[in-house]
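Just the one chain here, laid out as structure tokens, in the form predicted alone.
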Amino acid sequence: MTTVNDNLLYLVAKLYYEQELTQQEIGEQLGLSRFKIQRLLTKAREQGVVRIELVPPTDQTCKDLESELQRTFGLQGAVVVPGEYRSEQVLRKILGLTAAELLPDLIAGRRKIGLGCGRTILEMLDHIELGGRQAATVVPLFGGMENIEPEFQVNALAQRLAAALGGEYRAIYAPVIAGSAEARATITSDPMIKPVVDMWESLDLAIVGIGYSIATYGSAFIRAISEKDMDDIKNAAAAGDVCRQMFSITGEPCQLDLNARLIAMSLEQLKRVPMVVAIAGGKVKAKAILGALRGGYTKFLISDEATVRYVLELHGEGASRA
């Protein structure tokens, strides 16, 4: 026999799971405390009123997307993580874990490795497990900034990857932005800096993130550029960046005065690296990822299903207007 309590359990569960009301909102509607609603939801799970089943997308769906990415953009490889993630933090963790699992195969036999920075790369390094030692040298792909978040500390990230490999790293003791083009030339020719800059020409592998907004670069970067630089970036219709080098959604490098002052690997240099692995996801990055793919700035993409679908949709729309 159905009891009032059973009906109440069903009602609370329906409001919470189907109508997506908060526990506070349900409590206000039913005249019950939030604590009471929480207990009823727990009881609904225990009594089988609510049954939660996780059904992952079929592997074939993601494999088809991987094949389409490779075919459309001439990639050497792609890995698409199933599903759509509302939380950027959860997505970064998933992509970081995936990259950490793939890294041993991607790194095998590589001797000169360049590393970018970012929250997803930091997640990758937090979960990396590499067995044995590899005679590899790791270098940052651009200069650093003082007093910034851990995910942007390029030398520390390169050191962590080198330690995991059992190899060595070379730090770049230079800012990512010089005061002038002349200052950049002086800095990059310094004997302490030049070996790293020279190594950008002979990398076997580069591991990078894809940026989509200058606001995500960290406050130190924003403080280091002028108002004119900010205006130039806005007017250039930059879709994203790799190694702080900005490009449009078509993949064309943005022509900025800032470029002459950047102490960073150029997009042309990046295109010449035999293997460039980009780790990026989230629909907010779709235009940036599309620009990087069209420009040939990555050869292996690690992303998520929802983002890849959107990237391919945007690319199809652009092709249909051409």
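Numbering starts at 1 and runs along the sequence shown. Everything numeric in this text was worked out from a predicted model, so none of it was measured. Each form is matched to the other, and the largest set of C-alpha atoms that superpose within 1.5 Å is called the rigid core.
The same protein also has a form predicted together with the DNA, omitted here; what follows describes it.
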{"query": "The DNA in the predicted complex reached by all of Y10, K14 and R51, non-hydrogen atom within 4.5 Å", "finding": "no"}
{"query": "Partner contact for S33 in the predicted complex: the DNA, 4.5 angstroms, heavy atom", "finding": "yes"}
{"query": "Q19, heavy atom within 4.5 angstroms of the DNA in the predicted complex", "finding": "no"}
{"query": "Exercise: Q23 in contact with the DNA in the predicted complex, heavy atom 4.5 Å", "finding": "yes"}
{"query": "Contact of K63 with the DNA in the predicted complex (heavy atom, 4.5 Å)", "finding": "no"}
{"query": "Location of the DNA contact in the predicted complex, chosen stretch of 34-42, 280-288, 66-74, 265-273 [non-hydrogen atom, 4.5 Å]", "finding": "34-42"}
{"query": "Rigid core fit then Y16 CA moved by 2 Å or more between the shown form and the other one", "finding": "yes"}
{"query": "Residue shift check between the shown form and the other one, rigid core fit, E268 Cα at least 2 Å", "finding": "no"}
{"query": "Flag for L293, CA shift 2 Å or larger between the shown form and the other one after aligning core", "finding": "no"}
